[in-house]
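One chain is shown next in C-alpha cells, namely the form predicted alone.
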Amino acid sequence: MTENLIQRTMSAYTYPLLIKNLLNAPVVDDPQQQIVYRDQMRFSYAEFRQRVCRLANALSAIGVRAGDTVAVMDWDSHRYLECFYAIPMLGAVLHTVNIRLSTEQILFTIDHAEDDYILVNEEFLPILEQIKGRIDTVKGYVLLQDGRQACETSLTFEGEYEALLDAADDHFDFADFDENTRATTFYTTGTTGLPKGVYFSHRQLVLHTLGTLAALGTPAEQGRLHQRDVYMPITPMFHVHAWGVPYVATSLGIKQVYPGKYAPDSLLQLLAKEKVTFSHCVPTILQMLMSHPSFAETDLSNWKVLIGGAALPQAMCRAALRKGIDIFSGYGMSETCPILTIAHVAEDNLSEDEQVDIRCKTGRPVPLVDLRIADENLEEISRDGESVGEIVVRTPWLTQGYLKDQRNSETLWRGGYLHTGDVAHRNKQNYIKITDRIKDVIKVGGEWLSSLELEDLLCTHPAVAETAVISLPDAKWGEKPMALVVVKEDVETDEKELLAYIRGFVDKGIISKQVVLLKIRFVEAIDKTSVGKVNKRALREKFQQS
C-alpha cells in the first residue's frame, strides 16, 4: 500500500504554535490603538510589544530560565496582560495565583506548582508575610505597584516592576521551542479538599485562541467581537486566563481596558468613559452592577456581555435586553481552557421570549469541539431537546490531567473523553442546555428535579433578587428541594406566596410536580466560591446541619 507523506525541503520552516506568534498580526503594532489600565496607564500596541520584551529581559536578568514557574498575584491589569505573553514566551510557566483562596490554599498552590519567582501586588503582601517561612521553592519576588511609594514589608525584592522595565532593553529575540511546552498552570476552585492544578501548553492556548476567534468573529451581528470593539474583562485574569479572551483581543489588536480590583462604581465609570463594547463575567458580577444606583443612568446600549461560570437566569437576560445590552451565554470549565460553547442567536425576527430562550441556553459547540451528551456507557443520547446525559468532550485545548494527581486525572478522562460532570440535553438545532451538575441534581422519589430550572423560575418572581436550590436528605423521598432566597430591597414576600407562585408552573406542566415538596428559606446572602459561583456543596453542609 502506497503511503501518502507530506514532503518538505530541508530549509522549510515548521511553524510552531507558540504564544509569541499570536503577536505576529500587523494590526498588533497599530500606534493608534490603546491598552488602558484604570486611570493609571495608557499606551499603544507598539509600546505593548516593547513592554513585553522589557519584561522578558528583566525576568531573565533576575534569573528566570526556561522551565521555571513564575507566579503572579495581581488584580486585572496591564501587568497581567504582559505576563500572559512574556513569561510563557521565555519557555517558563505562568502560574496565575487565585488571590481569593484562603491563605493556606494559596500556600498549597505555590508549593504544589513549585513556583520559582512570584510577582506580587503590594495589596497581597500580608498574605505572603503570613506564609513566607513555609514557602520552599521561591527564589525571588518582584513588587507590583500602581505607584512607586515605599511599602512596609519584611520581604526582599528583586525590584519593582516598572523600575525593572525602565532599566531593561525593549528588544528580545524569543526562541522557538516545542509547542507542547507547558505555558500556564492554575488551580481549580474546588469546594472541598485541596485545589487541583490544571495546565495548558502553547499549542493548546493558540488553538483555543483561534477557535474562539472564529466563534466570536463570524456571527453577522449578535455577540460578535471585531476590530472596532473595546474589550474589558470582568472575569479575573487568574481564572482560566480570563476565559482566554485577552489572547483573542490582543490578536485582533483591539482597544483593551483593564479595571484592576472590581468595584461596581469604577467598573460602570470605565464602561462609560472608555466606551467598552465587549465584556464577559459570571451572573453574580452582572447582578452586582445591575443593583448599583449608577447602572440605570449608564448608557450600555452598545455593550456585549458573554455570561459564563453559571447559568444565565432568564429574568437577568430580560432586564439586560431591555437595557439594550447584547447578553448571551457561553460554557466551559477550568479543565477546558475554557470555552466550549457559545449561545449566539442565528435566527432573525424572533420574539423576546424566543431570544431569551436561546441566549440563556448553554450554546452550540465552537469550532474544533467534539462535544457529546452521553449515557453511562458513553453512548450519545437522542438530540430531542429532552433526553439528558453528561456532557463529555474532546478538543485540542483540554487539560491533559491534574498536576501531580494521576488518580483524579484518570477519572477526569475515563473512556477517552473529558467528563464535565454537567447534565444537559441537546435539540435538533444543536443548542445545548445544561439542566444541572451531576452532584447537584435533586433525586425526589426516583425522579430527577433540576435545581437550575427551579432557580430560573424563582428568579422571575418580582421580589426575588437571588436564589440557590439545594437538596436536603429526606427519609421518605430520599431528597427534597430547599430554595435559599435573597429578597430585593424594599420588597416583601413570604414562603406562602413563593410556593404558590411555583405551583403555578407545576399546573402549567413547566416543572415536575415533585417541586411541591419545596421548602423556602430566606437568607441575607448566598455563599460563593472564590470566582463568584454559588457554592452548593457548602450550602448543603450548612443547611443539612441547621
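Nothing here was measured: the structure is a model prediction, and the numbers come from that model. One-based numbering along the sequence shown. By rigid core we mean the largest C-alpha set that fits within 1.5 Å across both forms.
A second form of this protein, the form predicted in complex with adenosine monophosphate, is not displayed here; the remarks below concern that form.
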Check Y331, T420 and W448: does every one of them have a heavy atom within 4.5 Å of adenosine monophosphate in the predicted bound form?
yes
Using the partner position in the predicted bound form, report whether E335 sits within 4.5 Å of adenosine monophosphate, counting heavy atoms only.
yes
Quick check on I434: any heavy atom within 4.5 Å of adenosine monophosphate in the predicted bound form?
yes
Using a 4.5 Å heavy atom cut-off, state whether A311 contacts adenosine monophosphate in the predicted bound form.
yes
Using the partner position in the predicted bound form, report whether T188 sits within 4.5 Å of adenosine monophosphate, counting heavy atoms only.
yes
Pick from 229-237, 323-331, 210-218, 263-271: which stretch has non-hydrogen atoms within 4.5 Å of adenosine monophosphate in the predicted bound form?
323-331
Which pick from Q256, S201, T362, S279 sits with a heavy atom within 4.5 Å of adenosine monophosphate in the predicted bound form?
T362
Here the chain is shown alone; which of K139, K275, R394, K443 has a heavy atom within 4.5 Å of adenosine monophosphate in the predicted bound form?
K443
Core-aligned C-alpha movement of E47 between the shown form and the other one, 2 Å or more:
no
By the 2 angstroms cut-off, has the C-alpha of K439 moved between the shown form and the other one once the rigid core is superposed?
yes
